[in-house]
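Shown here is one chain on its own, the form predicted on its own, set out as structure tokens.
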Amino acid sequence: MSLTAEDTLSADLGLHWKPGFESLGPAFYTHLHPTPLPAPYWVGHSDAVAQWLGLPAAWRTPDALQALTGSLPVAGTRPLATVYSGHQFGVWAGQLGDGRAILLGETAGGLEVQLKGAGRTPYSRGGDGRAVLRSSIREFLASEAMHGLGIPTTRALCVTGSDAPVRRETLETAAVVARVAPSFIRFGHFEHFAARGQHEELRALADFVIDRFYPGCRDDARFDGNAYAALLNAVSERTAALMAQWQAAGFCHGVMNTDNMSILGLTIDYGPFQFLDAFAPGHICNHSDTSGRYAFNQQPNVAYWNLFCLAQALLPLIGEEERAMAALASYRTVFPAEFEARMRAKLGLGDARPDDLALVEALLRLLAAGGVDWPIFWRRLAEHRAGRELSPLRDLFLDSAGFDAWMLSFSERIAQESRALEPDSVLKANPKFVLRNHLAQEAIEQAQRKDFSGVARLLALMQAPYDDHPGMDAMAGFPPDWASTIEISCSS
């Protein structure tokens, strides 16, 4: 079925569209068009995402620029903003919704395209519905950087900018990110209808998600045919695996509210995120998080808390509290198992042995005590495992005796491996290039001067972060002193 644009003038992106989320009915969204921005311009684009979507090779046309900024309707779409609720910083916030994101629709290939920063919606709660260039560049690059690392994430097709003013802490300029994902449904969508006692809508949403993304839940024998308990279990396990990947990559999300948690286990809503520089387990990347609720080392527990909120929302469908808790239980086993597997890969260990966790924990204590740079440590370790000398790795530690003692234990562990290490395998588990805050900040400052070469350069590195990229070694080096002064908050 093809949808029809209401406007006589529209842009044809060369995509076919079909009803997706819209088929759930008007209780779930409000139809509206984006608010145009004057004189838009291209800031950054991902040809990889364009190919994923099935866009034609010459897709960056003047009409596409207008359409992806929200200034021209897209042929075949009926844009909408969805409603949801959620817990923010551990407190029930009531009705929320897409306050500045407008869903264009779903392509025939099953991918949703959403414009973030496209103007006010009924769910803006007094906000202007806009995003600024600074935060839009960060989200664009982070989406593609996470994908380059192999971490489940929403993607970003492009960033477009406009000189239209937007007030945050200071006066900035507007931008729009075109985001792409199989679905943008969040835990908060379920919480919304559960809190309102709208159980038929809750069931319709759960059935939609199961039928589209988790069809195996219909006949999961572990839950005696209770598809909703099986759904909770599947989401819990995907979320646990995602948290393990975040922790292994040194990624801090910054705002793990329930409305920022994907029902598909994707990383979603890049605001005050950060990849660690020096390893500090309690690092807080969000300047607005004064209590440290979303500190790096709290993320796995917060994810479980959020899943518990999802379980409460699904309880009217699951029926029994004991069954819901049983569906959550696997999080406690999947997360540590996935985390250990990720850390073994980073260490270049192929076998799983009982003492591996103790080895990893001893290393983490050593890294934390010395404030050792997380990405550089792991890349130098990988290079050492691939045959390079030890001294660049050892030089990272002031406590050389502590490092030597750990390295002795590690060498003994390596000797227990049942098969020889493939030299490239450990390099492919530890990226050379990471989207550090200072790199993003430098690209942003260039873009604010209408020089977008820094965005393009960073995108190329982040899409292939394990490669050497000759001539780019400076971008894999230690952060400058000023990097520690960068503050990112919920307005970022």
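Position 1 is the first residue in the sequence shown; the rest follow in order. Computed from a prediction, not measured in an experiment: that's the story for all the values here.
The same protein also has a form predicted together with a small molecule, omitted here; what follows describes it.
- In the model of the complex, the small molecule sits within 4.5 Å of a heavy atom belonging to residue 98.
- Taking the partner from the other structure, the small molecule in the model of the complex has a heavy atom within 4.5 Å of a heavy atom of residue 88.
- Using a 4.5 angstroms limit between non-hydrogen atoms, residue 260 touches the small molecule in the model of the complex.
- Though the partner is left out of this view, residue 124 does reach within 4.5 Å of the small molecule in the model of the complex, counting heavy atoms only.
- Taken together, the three residues 187, 237 and 321 all stay farther than 4.5 Å from the small molecule in the model of the complex, as judged by their closest heavy atom.
- Only one of 362 to 370, 128 to 136, 391 to 399, 196 to 204 places residue heavy atoms within 4.5 angstroms of the small molecule in the model of the complex, namely 128 to 136.
- Think of it this way: in the model of the complex, the small molecule has a heavy atom of just one of 353, 287, 222, 168 within 4.5 Å, and the residue is 168.
- Only one of 331, 378, 251, 84 lies close to the small molecule in the model of the complex, with a heavy atom inside 4.5 Å, and it is 84.
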